[in-house]
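Okay, so here's just one chain, in structure tokens, the form predicted alone.
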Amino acid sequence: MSPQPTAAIIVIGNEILSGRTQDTNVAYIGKKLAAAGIDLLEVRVIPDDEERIIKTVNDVRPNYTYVFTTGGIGATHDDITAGCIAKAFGRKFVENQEALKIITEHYKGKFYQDQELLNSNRSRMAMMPEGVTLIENPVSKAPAFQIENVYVLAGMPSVMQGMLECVLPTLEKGDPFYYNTVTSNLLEGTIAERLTEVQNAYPKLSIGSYPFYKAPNIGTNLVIRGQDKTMIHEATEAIIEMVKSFGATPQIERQV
């Protein structure tokens, strides 16, 4: 049996770090990878800085089956990711003729507010490391690219999602991960000891405790995650009984 495939995500963008833009890509990628049986083990968020991008990519890529980067492959001056990836792999940064053809055919002859969409900035999106594999962009056509185990995707969520859907069928799959969630109005400290007992009884599962405080509603979400459906079902039932034993009424969201 082949080892469980693993993954990391590198989120690239000053706008994420500044708080001006809220990242939603990590959650989307994480859910898709879990369903494909690919274990997402690390996420890093870094600025649009050449040295940081190169170092982070080279630090991460030997440790995982797949690395996904998001952000920084657009048409503006701060979209430096593609060039940095070329340097990280020691490859030439060249105009990819296949990508240029796709971009030209899509934008040529199209205008927005009397401005032609095909210009030097959009053509610049065809600049990529030498020898990459293109990733289809079903939303806005300008392709992303794959280089060895690194998948360089757009930052705009709708575009990234379209690209990821094109990539997923090509990835090595493992046994999918499943989740059940049990929610109650019990405080985390109240159930901590009993929850530890359940976790110890099911060491192959990950049981997470996530309190929420949204007045007047307070309580805890208990998430049971793993790959063995029978084990997840048993642990879920044990947690439901635990919640009831404290006089609370559990709410259950099931995958299994």
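Residue numbers run from 1 along the displayed sequence. This is a predicted model, so every value here is computed, not measured.
Missing here is the form predicted in complex with a further copy of the same chain; even so, the following discussion is about that form.
Picking from 96-104, 74-82, 162-170, 126-134 the stretch near a further copy of the same chain in the predicted bound form, with a 4.5 Å limit on heavy atoms, gives 74-82. Site residues 58, 87 and 238 are none of them in contact with a further copy of the same chain in the predicted bound form, judged by any heavy atom within 4.5 Å. Residue in contact with a further copy of the same chain in the predicted bound form (any heavy atom within 4.5 Å), chosen from 231, 40, 54, 36: 40. Taking the partner from elsewhere, residue 67 is found to have every heavy atom lying beyond 4.5 Å of a further copy of the same chain in the predicted bound form.
In the predicted bound form, residue 186 approaches a further copy of the same chain with a heavy atom inside 4.5 Å. Though the partner is left out of this view, residue 199 does reach within 4.5 Å of a further copy of the same chain in the predicted bound form, counting heavy atoms only. Looking at residue 179, you'd find a heavy atom of it within 4.5 angstroms of a further copy of the same chain in the predicted bound form. Of all the residues from 224-256, those having a non-hydrogen atom no more than 4.5 Å from a further copy of the same chain in the predicted bound form are 225, 246.
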